[in-house]
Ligand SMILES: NC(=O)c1ccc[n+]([C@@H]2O[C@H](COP(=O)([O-])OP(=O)(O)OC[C@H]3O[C@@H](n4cnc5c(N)ncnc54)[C@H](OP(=O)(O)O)[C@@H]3O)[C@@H](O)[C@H]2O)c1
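Below sits a lone chain in structure tokens, taken as the form predicted on its own.
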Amino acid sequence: MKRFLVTGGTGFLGSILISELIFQGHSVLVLARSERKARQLLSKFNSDELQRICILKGDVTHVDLGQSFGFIDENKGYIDVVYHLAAMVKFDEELADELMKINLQGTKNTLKLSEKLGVKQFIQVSTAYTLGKELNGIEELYPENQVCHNPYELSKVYAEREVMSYKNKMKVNIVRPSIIVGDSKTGRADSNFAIYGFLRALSVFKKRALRDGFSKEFFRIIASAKGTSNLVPIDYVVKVLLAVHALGENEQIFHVTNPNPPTNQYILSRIKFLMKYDQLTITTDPLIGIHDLTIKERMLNELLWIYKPYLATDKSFDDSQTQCLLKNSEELQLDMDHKMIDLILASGIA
């Protein structure tokens, strides 16, 4: 059995990854800034499992993640793998400095501590959208001057390059998920990000329309006729992360993406059906812009506007290395059918 250090372990993805590691019999050190979130994580385990989990109070923006010299001396050579999941996922331009501090400097700090600890393998969770404005993603490192849509993407481009700079010091791997959603079997999701933020906001919008007497008024959402939503269930992402630790080779990059993503038009139509919101209409007319909408329609569309770079295009991702990895670990490729999509969307509708 191995010993792991996980940053971002109290988050949606991290907590499920840790559960799987504990289930496999490993021990896990979990870096946590928030005592509340740490307690929530620990509450998911029984007394025997808790003996294999240690919470480290710390922060990726601090030197050595806030750990003491004593901790480094005591644990040197005893941590096998680091899963670096900690990140800030926001797209606002005004947060550029904070994004660089957490996503880039946080990665640098985690790598430096990993080197001091003599860690054998470092696995970074990045994003499939480091491809920026390109339409075809490759399982290779992108150039430092990659043209990106927002500072989040750029911070991850730089962080990936930092990870690869350690390739001669330890085995390094980068895992690039697209849009992470709920569990493929239960639909369960513990997240307010991405599509879940939109679903919750849309539920609030519908309730307000009903309260304010606009329940029969139709509202248009602008969607691209060609745009797709590359959704991946969280259990599939965790499956790939575990396979990377077991079978990944040095310097490999793995896309965790949907080879057959649904169109945004289809996703919106299913949301409309599942919410029983007949007054919601979807227009793919390229001549209709935000200024052609009513004030209430603009409010509704602005909920989606921050994701426009991802919704207006049909991006594709080569995942050859991931599929080879899954084949070697006797795992199946993602097959996200309409039933699974409905299950996941329904779980996010209040």
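Quantities reported herein were computed from a predicted structural model and do not represent experimental measurements. All residue numbers are counted from 1 along the displayed sequence.
FYI, the form predicted together with the named molecule isn't displayed, but the following is about it.
Against the named molecule in the predicted complex, the set 4, 67 and 109 makes no contact: no member has a heavy atom within 4.5 Å. Although the partner is absent here, residue 26 lies well away from the named molecule in the predicted complex, with no heavy atom inside 4.5 Å. The named molecule in the predicted complex comes within 4.5 Å of a heavy atom belonging to residue 152.
Contact annotation: residue 8 falls within 4.5 Å of the named molecule in the predicted complex, judged by heavy atom distances. None of the heavy atoms of residue 247 is located within 4.5 Å of the named molecule in the predicted complex. With the partner left out here, the named molecule still marks one of 41 to 49, 297 to 305, 54 to 62, 313 to 321 in the predicted complex; by a 4.5 Å heavy atom cut-off that stretch is 54 to 62. A single residue from the set 264, 130, 178, 114 has any heavy atom within 4.5 angstroms of the named molecule in the predicted complex; that residue is 178. This chain lacks the partner; the member of 82, 174, 240, 86 within 4.5 angstroms of the named molecule in the predicted complex by a non-hydrogen atom is 86. Annotation for 1 to 37: interface residues with the named molecule in the predicted complex are 8, 9, 10, 11, 12, 13, 14, 31, 33, 34, 37 [heavy atom within 4.5 Å].
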